[in-house]
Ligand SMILES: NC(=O)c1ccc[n+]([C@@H]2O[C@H](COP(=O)([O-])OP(=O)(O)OC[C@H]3O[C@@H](n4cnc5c(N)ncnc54)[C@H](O)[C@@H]3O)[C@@H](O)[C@H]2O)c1
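Below, in structure tokens: the form predicted on its own, a single chain.
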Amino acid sequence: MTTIKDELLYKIQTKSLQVAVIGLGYVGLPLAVEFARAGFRTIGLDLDHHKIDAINSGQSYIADVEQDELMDVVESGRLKATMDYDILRDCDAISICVPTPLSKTQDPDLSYVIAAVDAVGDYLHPGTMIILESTTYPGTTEEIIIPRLLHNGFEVGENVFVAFSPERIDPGRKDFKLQNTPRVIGGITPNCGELAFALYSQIVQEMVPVSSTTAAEMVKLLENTFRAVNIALVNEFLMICDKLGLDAWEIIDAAASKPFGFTKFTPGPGVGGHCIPLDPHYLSWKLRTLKYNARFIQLASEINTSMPSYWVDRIARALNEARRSVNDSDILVLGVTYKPDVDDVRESPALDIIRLLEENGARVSFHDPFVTSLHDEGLETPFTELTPQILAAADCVVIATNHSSYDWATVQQHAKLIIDTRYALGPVKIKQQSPVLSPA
């Protein structure tokens, strides 16, 4: 006898399955495009009409989605975007890729996930597969999603199927994209896991099944907690070297020559983006409900969030040595995105550096090849072109993000004083003077 699971497997194999992706941001749009490129009829759902209009006209607003690829799947009819959730009546598989921010008290805000799941529940029908990709605390899929779907005789693993597959998008990365980044999958039941595995294997080269949705949720948190803790370690190492009068970058580079037992991380102005500053707190919050204190996570967060203050202190010391003060100084910040060569300023530590400098009376301007306005971030900091005259006029140039398009030779030639939080000026500076504090 043919089961609902068998019917879905057949639809996957024959590409007759219709897929919906809810949330068309940095995670959802690349996913929708890949499903469409693989031959599935794909619907993108979002509440932002600007995104809907852009997609349907073939205009990419995500750097990782090539304009030609988007235009191809839109013109072929394999991808369309809408704000109308009624379309879910005809969809067999639904991937949820909505934001999962933290509240001001560092508690998980699952309102976007709950809203998406409730919308799916209104149109749930036998033979629906739901895969959550949004990062969250372990247990979310079982504790939050399943109870909201179990009505009207639905039985998970028999006529509806639920899985968790954590996104692994690294914006701006060229070597690892969605297709060649291994994909973790965990299902509520073996049938759920098998179906999600079958679907995602159509767009991803390597699949990594785990025993449950909770295990898959925990994988994502381990990945990002590992990075947060090691970034905090190397940031504290920088401050230790500062106290000892040592060049942290020289020591890190030398340690990285060891071919085993050492993973290189580099210090900087802090951590940014949606993942590293936020995700470990989901685990910390969950453990607090179990009366356990996740000390490493909390300490790492304290160190990483303190880095903008550390760098502003370094700026103040450097200006003092030049017989200047932060108050009434003209300071130029180069790079405000949270990582190089992207247009993403979410949680960027450069913004905190700017705020602290302005609070201390500095006149701050910024340049970034990907960002020309910070008004949406609550800052009125003016954008400026990057010219030799602008560099020479600044009392201090602060390198917060080392975009590859910057001409560092010109920066070195014209700037009076350089504070380099990202070691953007290259290894040659080690031989000449500290790469952190670089009087030109």
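None of these values were measured; they are calculated from a predicted model. Note that residue numbering begins at 1 and tracks the sequence as displayed.
There is another form of this protein, the form predicted together with this ligand, and it is not shown here; the text below is about that form.
- Between this ligand and the residues 299, 115, 150, 255, the one pair within 4.5 Å by heavy atoms in the model of the complex involves 115.
- In terms of contact with this ligand in the model of the complex, the residue from 218, 98, 362, 145 that brings a heavy atom within 4.5 Å is 98.
- Contact annotation: residue 227 falls outside 4.5 Å of this ligand in the model of the complex, judged by heavy atom distances.
- Of the heavy atoms in residue 304, none are within 4.5 Å of this ligand in the model of the complex.
- For residue 286, no non-hydrogen atom is located within 4.5 Å of this ligand in the model of the complex, even though that partner is not displayed.
- In the model of the complex, this ligand lies farther than 4.5 Å from every heavy atom of residue 380.
- Judged by heavy atoms within 4.5 Å of this ligand in the model of the complex, the contact stretch among the candidates 239-247, 131-139, 287-295, 184-192 is 131-139.
- For the stretch 31-58, the set of residues having any non-hydrogen atom within 4.5 angstroms of this ligand in the model of the complex comprises 45, 46, 47, 48, 51, in sequence order.
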